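Only one chain is shown below, in structure tokens, and it's the form predicted alone.
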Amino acid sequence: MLAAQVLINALVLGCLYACIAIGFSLVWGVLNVINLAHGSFIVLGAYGAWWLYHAFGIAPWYALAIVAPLFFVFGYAIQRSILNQVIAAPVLVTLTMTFGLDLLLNNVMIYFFTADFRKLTLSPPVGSLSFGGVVVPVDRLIALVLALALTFALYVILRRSRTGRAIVAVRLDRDAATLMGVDVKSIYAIAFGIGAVMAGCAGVLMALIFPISPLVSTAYLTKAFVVCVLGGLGSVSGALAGGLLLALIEGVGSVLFGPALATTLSFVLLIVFLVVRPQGLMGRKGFE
């Protein structure tokens, strides 16, 4: 029973980790920008879900329809007005820029919400399901389904839509895409906006399960980075595989060695992959 419970928990967390990492991977792969503000975007999305529920009674799964367009506009505006000015600069410049943005967002959230942990508690509770001795809270199942839906939606956008194909083209060869008539600056902004949408929506889903505080933004950023390395940069399915692997390692590690060492194991796995298989499980040059 314990093994089944660990696997179920790993499945839920793995899909959420994938949802966290996909937007980070998209921005890194297309813009060559390591967005250090990604964790703060996630926490901001969680606060958005918390505020919408407590102020207007809007459930988190409905809040996604509000958070997604707002975060797209937010991300698009940041890229066009700030990051686009230094997009051709060395990686260290954009790294410093997003680090400053992360500090700004983090302090703004602390100012308005304080650093205290808050919990989005649904009323009435949605309860839990039990089968074969395995207990699964319904809110986690909802988060699992929505995380998979968001991941699949991005997969379809990148494969089927004209904009998605343009994003892939810019990722593969920016100069060739420019010669084919692609507006690279617009694609950069759209890709960053989509990355912000995925981060904000992931925050909404994480709010269903975990307490919210600006202090956890670094933990979410770390998860995104580890999943990208494990799964492979530039792969939607790789992000899903990396998220599931990370969640499984953390789950098994918590049972065998205690929760305190679970994160340590994930970093050990990260180092092993960087040495043995730096491209990750399913890494490839372009997006699927």
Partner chain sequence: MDRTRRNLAATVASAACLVAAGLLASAAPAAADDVIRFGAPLPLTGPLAPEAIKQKQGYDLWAEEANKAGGIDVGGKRYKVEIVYTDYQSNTPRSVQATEQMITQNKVNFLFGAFGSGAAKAASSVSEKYRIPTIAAAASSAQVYDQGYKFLFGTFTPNDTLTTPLTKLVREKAPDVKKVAILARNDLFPLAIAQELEKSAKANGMEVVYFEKYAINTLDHSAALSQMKALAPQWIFVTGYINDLLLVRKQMVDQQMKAPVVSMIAGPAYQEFIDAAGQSAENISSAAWWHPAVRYEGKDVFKSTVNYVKLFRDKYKATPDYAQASASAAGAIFQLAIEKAGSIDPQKVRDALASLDVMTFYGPVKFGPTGQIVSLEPPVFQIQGAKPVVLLPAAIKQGEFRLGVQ
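Remember, it's a predicted structure, so these values are computed and weren't measured experimentally. Numbering follows the first chain given and starts at 1. In this text, rigid core is short for the largest set of C-alphas that superpose within 1.5 Å between two forms.
From this point on, the text means the form predicted in complex with the partner chain, which you will not see here.
S.K.: Name the stretch, out of 71-79, 211-219, 195-203, 147-155, where some heavy atom lies within 4.5 Å of the partner chain in the model of the complex.
M.R.: Correct option: 211-219.
S.K.: How about V108: is it within 4.5 Å of the partner chain in the model of the complex, going by heavy atoms?
M.R.: Output for V108 is no: heavy atoms all beyond 4.5 Å of the partner chain.
S.K.: Tell me, yes or no, whether G57 is in contact with the partner chain in the model of the complex, where a contact means a heavy atom of each within 4.5 Å.
M.R.: No, G57 is distant from the partner.
S.K.: Determine whether any heavy atom of A115 comes within 4.5 Å of a heavy atom of the partner chain in the model of the complex, and answer yes or no.
M.R.: Looking in the model of the complex, residue contacts with the partner chain include A115, since a heavy atom lies within 4.5 Å.
S.K.: Answer for G100 alone: is it within 4.5 Å of the partner chain in the model of the complex, judged on heavy atom distances?
M.R.: No.
S.K.: Decide if the three candidate residues A21, T94 and T96 all line the partner chain in the model of the complex, where lining means a heavy atom within 4.5 Å.
M.R.: Answer is no for this spot.
S.K.: With the partner chain taken in the model of the complex, which residues across 9-25 come within 4.5 angstroms through any non-hydrogen atom?
M.R.: N9, L13, Y17, in sequence order.
S.K.: Please determine whether the C-alpha atom of G258 is displaced by 2 Å or more between this form and the one not shown following superposition on the rigid core.
M.R.: Passes the 2 Å threshold, so yes.
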